[in-house]
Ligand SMILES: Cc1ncc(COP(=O)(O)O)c(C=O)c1O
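Let's start with one chain on its own, the form predicted on its own, as structure tokens.
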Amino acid sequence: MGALAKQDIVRLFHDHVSSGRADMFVSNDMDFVFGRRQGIYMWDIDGKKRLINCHSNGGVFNLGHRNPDIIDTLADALKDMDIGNSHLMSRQRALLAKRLADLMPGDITYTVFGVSGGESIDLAIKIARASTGRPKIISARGGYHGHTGFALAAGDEKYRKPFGPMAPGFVQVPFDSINALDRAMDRETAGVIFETVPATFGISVPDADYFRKVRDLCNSHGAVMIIDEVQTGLGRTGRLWGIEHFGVVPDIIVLGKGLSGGIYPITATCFRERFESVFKEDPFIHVSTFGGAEAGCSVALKVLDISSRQTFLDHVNTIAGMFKNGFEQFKQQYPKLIVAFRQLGLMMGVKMANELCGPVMTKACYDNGILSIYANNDTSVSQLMPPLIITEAETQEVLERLGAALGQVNTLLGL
């Protein structure tokens, strides 16, 4: 179609993709159209606006935009590969599954690949039901697992209510309440699914012994423990897997977003060997045409190589310390605005005084050159998830811009 002016792109998006999103962004003077992108930065298509990406699309851009190592890996793979055939055996899928088995906690040794996080969550729930012969799935109120069938049913009501009745058998309890979970579990419970740190619920970091107690309850009831690491996995929390902070081994871990390197969509449902029996009688009972595309497997292998290096994880923790120190100062500077700084590595949330603060902070951050969104299920929290490759100098720049944004929010809301 040739070059298009920005206003023409906005019009086309409005008329053929989403009129609601276009209207919302334009009315809030945030009509950013994704143009050039590199590292932690992204530019509006007209080149007039630059943002530091502190959203990372929920962890997709853990390694930054257009990471050169990932780009080179994909380019090399495409010289003699395509997506392959999901029905046949594959060298690339075998190698990636073996690498995941080597890196997973405990005896999680099998993997089935998908394309979206929701698809892989669906499969985890299918495995729990098939392996136990039970219907009930327990998840967290305010949680988020995707927009597909079972994933949608396990998520917060706001995402499923407009679409009518969901699959039966889904029950929600407050996150980080072991008593509520205990009361909900019974002989019908197939599985329990939680995000390690629920992002959409406001970066809610659970008590240190919470998941150990969840593991104990699952053991006593014969239920499957599923951990959603779509956002917390691959170094986001300062360890390769977020659940490592809590010293337990779940039965199933679901990965997504960052496994793509921001380049090639791929997700994974990783599970203990005993659950492979679900696929034994009919090994084609679950298939994903594009899941585990061979070129994508090459990308994911490179992502794992980078993300599992101790030097990489050490860097994440160093940067996390800088953010912690910065927000301790912000808390002193804006004591009525900032309620708490929630953090596990570089999965961070700023809990503020009221539900208006998150949306106002999103706009203030945008005006100060930062992309940061509020938590949709707790709008008093502003999420901060910068690329994990961010440097110390870039971190200092982010903190300076965040300080300016917080000052604007504090003044605007009269705090």
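Just count from 1 along the sequence shown to find any residue number. Note that the structure is a prediction, hence the values are computed from the model and not measured.
Separately, the form predicted together with this ligand exists; it is not shown, and the next lines address it.
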query: Listed range touching this ligand, judged in the predicted bound form by heavy atoms within 4.5 Å, from 168 to 176, 109 to 117, 217 to 225, 328 to 336; finding: 109 to 117
query: Residue among Gly238, Gly146, Gly142, Gly292 with a heavy atom within 4.5 Å of this ligand in the predicted bound form; finding: Gly146
query: Residue among Ile252, Ala268, Val230, Ile125 with a heavy atom within 4.5 Å of this ligand in the predicted bound form; finding: Val230
query: This ligand contact in the predicted bound form: Asp156, any heavy atom under 4.5 Å; finding: no
query: Arg272 within 4.5 Å of this ligand in the predicted bound form, heavy atoms; finding: no
query: Arg342 within 4.5 Å of this ligand in the predicted bound form, heavy atoms; finding: no
query: 4.5 Å heavy atom contact, Lys257 to this ligand in the predicted bound form; finding: yes
query: Stretch 191 to 217: residues contacting this ligand in the predicted bound form, 4.5 Å heavy atom cut-off; finding: Glu195
